[in-house]
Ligand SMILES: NC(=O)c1ccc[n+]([C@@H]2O[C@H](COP(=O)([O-])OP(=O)(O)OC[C@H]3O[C@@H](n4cnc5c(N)ncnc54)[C@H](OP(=O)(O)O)[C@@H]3O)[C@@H](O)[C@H]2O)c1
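In the form predicted on its own, a lone chain appears below as C-alpha cells.
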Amino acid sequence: MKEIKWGIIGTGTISTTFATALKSMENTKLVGVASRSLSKAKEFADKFQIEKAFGSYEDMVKDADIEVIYIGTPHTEHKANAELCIKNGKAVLCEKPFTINASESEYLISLAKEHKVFIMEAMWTKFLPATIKVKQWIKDGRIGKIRYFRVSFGYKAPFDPNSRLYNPDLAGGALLDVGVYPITYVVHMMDRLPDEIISSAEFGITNVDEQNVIIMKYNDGVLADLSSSVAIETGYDAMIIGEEGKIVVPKFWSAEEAYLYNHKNELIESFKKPHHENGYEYEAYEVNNCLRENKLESDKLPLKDTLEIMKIMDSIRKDWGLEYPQEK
C-alpha cells in the first residue's frame, strides 16, 4: 500500500493531537512541520521525530516530499493557509471550522477544483466508529421515526480577551469553535438541512457569543435543541429520541460509545470501541484512502456538506448581528 507523506502547519494543541494520531498509523509518514517560528517547529519536530522543520509555511509547501498538509492554525488563518497549499499542489486537510464564513469556503473549494487538488474539512466526528454505528441504528429504524435531538457542547475557558476563543479579530465565540459540532451532527444524522432555524446568543464584553442556543426545525415534526458555550460547562452529550426509543451518545464529538434504549427506557444495545489512538486517525485514514484513489474530495465528507454548514452558521450570525472585523 502506498505510503502517504504528510506535513503539518501550526504547532498548537490540535496539531499535537493530530501528529500523535499520524504517528500511530501504518503506511503514513509525517515528513515536515511548519511554524512562523523556526524554534517552535524544531521543538515540535523533535517531539515527534519529524525529519524536517520549517520556519515558514511557504518553505514547506514547496517541499517535493510532502503530498498532503494538515492545517491546525486558528480559523482566521485557514483561508490563507489552504490557498497557499492548493496553489502549490498540496492536498489539504483543514481543521474545522473550514473557514470563518461561506464566502471563504466557496473560494477554497473553487480554487481546489481549479488546481485539481484534494481538500477536506477535518470534521473528525463524522468518521468515528460510534458515529457510524449511531447512524446505522437510525437507518435501521431501531428508534422508529426521529422526533427530537438534544445536543450540547459547552466548556468553561478562562476569560482572556486576546485568546482565539474571546477575540473577535480571531473570529472568537462558541458558534465557530464548538457550535459547529452539534449543527453538523444533527444534519449528518438527518441527512438533510433543517427547514427553520431559531437561535439566541449571549455576548460578552468582547462582543463574541460566549454561549448560544439553536433550535433546528424540520417540517416533518423533528426538533433539534442545540447549545454551545466557551464560558460555561453545559455538557458534551447527544440524545436522539424516536417514537420507539432513544440513543444516548456521551461526548458525542469524540465518542467511543453509544447506547440504544427501547420505548420503555430499557437498554437493549450498547456500542463501545476505544480509539486506536485519539480519534483523529479515522479522518486521516479517509484522506489517505482518497489520495491513493486519486479523489479530489471525500464521498463521506463532501465539500457540499462543509459549505452547507458554513451557510447555516453565516445565517445564525446574521440573525445575531455578529460580524467579525475582517468581514466588514
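We number the residues from 1 along the sequence you see. Everything numeric in this text was worked out from a predicted model, so none of it was measured.
The same protein also has a form predicted together with the named molecule, omitted here; what follows describes it.
The named molecule is not drawn, but in the predicted bound form it has no heavy atom within 4.5 Å of Y261. Contact check for Y57: a non-hydrogen atom falls within 4.5 Å of the named molecule in the predicted bound form. Though the partner is left out of this view, S199 does not reach within 4.5 Å of the named molecule in the predicted bound form, counting heavy atoms only.
The closest heavy atom approach of S152 to the named molecule in the predicted bound form falls outside 4.5 Å.
For the residues K295, K62, K40, H276, the 4.5 Å heavy atom test against the named molecule in the predicted bound form is passed only by K40.
Only one of 190-198, 141-149, 169-177, 233-241 places residue heavy atoms within 4.5 angstroms of the named molecule in the predicted bound form, namely 169-177. In the predicted bound form, Y57, G72, T73, P74, H75, E77, H78 are the residues of 41-80 with at least one heavy atom within 4.5 Å of the named molecule, listed from first to last.
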